[in-house]
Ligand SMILES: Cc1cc2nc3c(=O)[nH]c(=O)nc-3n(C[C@H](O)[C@H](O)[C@H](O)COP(=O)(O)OP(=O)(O)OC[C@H]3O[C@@H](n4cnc5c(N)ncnc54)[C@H](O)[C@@H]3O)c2cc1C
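Before any questions on how it binds or moves, here is one chain, the form predicted on its own, in structure tokens.
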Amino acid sequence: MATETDVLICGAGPVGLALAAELTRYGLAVRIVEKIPQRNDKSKALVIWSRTLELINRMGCVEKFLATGLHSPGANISSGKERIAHINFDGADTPYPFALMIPQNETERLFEEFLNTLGVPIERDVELTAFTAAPDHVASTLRHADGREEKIETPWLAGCDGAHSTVRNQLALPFSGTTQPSDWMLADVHLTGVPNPDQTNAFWHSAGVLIIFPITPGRFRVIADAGLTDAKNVRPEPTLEEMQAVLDQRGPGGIKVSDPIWLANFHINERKVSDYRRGRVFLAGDAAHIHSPAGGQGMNTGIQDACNLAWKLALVARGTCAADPLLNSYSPERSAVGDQVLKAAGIFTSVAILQGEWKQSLRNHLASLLLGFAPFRKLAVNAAEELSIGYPASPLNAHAKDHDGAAQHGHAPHEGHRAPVTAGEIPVGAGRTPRFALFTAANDDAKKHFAALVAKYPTLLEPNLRPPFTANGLWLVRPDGYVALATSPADWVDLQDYLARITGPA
């Protein structure tokens, strides 16, 4: 039962693969097991948003994703041939101002290839059947393809094993939420005659919603609601003819469908656990939360779960930081984001399938009006691209002494906000060691204080000061690119107190 593995990861979807890559990059030994014998061949989740691309860039493998996916510059909402609103991603404040359209099976392939370069194989046809968590380890039982059972003890266990998570079920955590009472059709097909074929197109029609997502040139994902669910009569999988009829009825006209790759029905489940951590066991991705596909943020949210957890586990496992401040922040931070995503996706779905001529007319008018204003459009883009995600209420924030503003001096970004990301710069958190970065003017006083801190915390702080975000301020930025402390350049005591808190007694 002895093992040198630091973390056992259950599930080799995008979330488990991202977690394995991050932990391995930071020097931890991982095993990643997957009960399915081979990688799923379905397109499933289609989009990687800007914030996720920024985090993948920290891993060191974003270029292959960018070369594989389709760079989509925007999205449209229309009613027939009339465009109600257009959202352009080009102006987003990120090195990746677009939606990267890429089938989930390709995302998994790229993560798996990257993980292989780090020397970590995916152990397929291996199932986690049971585990017992103790105060200092987790004892797990793995069943191999030949029926052999293996006992393994690891310091940590991560459940990235999807909506039907074994880890979540064995923890007996309620997966609270609802299933929407409507059927939906999905088709991964080839289309001709699609307007703006490199963009997502949503068509609001009196009969329901039709959404067309680009995948590769000529290939698209089509989804549409298909009426209320009838529990006594299970709807058969849609046919090509049915999809053509929906396109003719709800679309702008002239779109022709052919060569289906995947036709399916689905239901929208919106469920979430309240706590992503139980002692030495963590949940991430669909094991912790499932959403409406509206907005395409489910997989992105899961990958960001993994990136949030990885640097914290790495610093604790290395003995650099105390366990409680870091690991106790994982669930509050990511659970709050999960709540936001669930709420936003649910609202978008409800608005899209709104019934009633008067309600639909009002919806269309308001959408056109609001998205016609540049400030509102910017908010919509930042929300879609996940650039506005942050942790303003995180227990890991410094919480400056005077919350009325005297200590923070109004400097943006504030604690919990995403720090600005500039193209071409080495991102915070890149490299083999997760380190915090300090942003402030490099005057003589700052250099003196900073040198003393680096000498005291050589494995926690980047060795070089970075330029300030605005003319006068001091920011400590976490390895995942979020601000942990925002204060004035003179308040080095705040910084010292913060570092002492997170590196305190284990």
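One rule holds for the numbers: they count along the sequence shown, beginning at 1. Keep in mind that what you see is a predicted model, and the values were worked out from it rather than measured.
Just so it is clear, the following notes concern the form predicted together with the ligand, a form of the same protein that is not shown.
K.L.:
32-40, 465-473, 451-459, 54-62: which one contacts the ligand in the predicted bound form at 4.5 Å, heavy atom to heavy atom?
P.N.:
Among the listed stretches, the partner-contacting one is 32-40.
K.L.:
Using 4.5 Å between non-hydrogen atoms, is Pro103 touching the ligand in the predicted bound form?
P.N.:
Flag for Pro103 set to no.
K.L.:
Is Ala310 close enough to the ligand in the predicted bound form to count, meaning some heavy atom within 4.5 Å?
P.N.:
No, Ala310 stays farther than 4.5 Å from the ligand in the predicted bound form.
K.L.:
When the contact criterion is heavy atoms within 4.5 Å, does Ser79 count as touching the ligand in the predicted bound form?
P.N.:
No, Ser79 is distant from the partner.
K.L.:
Taking heavy atoms only, is Asn364 within 4.5 angstroms of the ligand in the predicted bound form?
P.N.:
Contact with the ligand, no.
K.L.:
Ok, Pro413, Gly346, Gly390, Gly162: which has a heavy atom sitting within 4.5 Å of the ligand in the predicted bound form?
P.N.:
Only one option qualifies, and that one is Gly162.
K.L.:
Just to confirm, with a 4.5 Å cut-off on non-hydrogen atoms, which of Gly296, Pro155, Gly208, Pro332 contacts the ligand in the predicted bound form?
P.N.:
Result of the distance check: Gly296.
K.L.:
At 4.5 Å by heavy atoms, is each residue in Val7, Tyr26 and Pro479 next to the ligand in the predicted bound form?
P.N.:
Per the other structure, none of Val7, Tyr26 and Pro479 touch the ligand.
K.L.:
Heavy atoms within 4.5 Å of the ligand in the predicted bound form is the criterion; list the residues of 41-55 that meet it.
P.N.:
The stretch touches the partner through Lys44, Ala45, Leu46, Val47.
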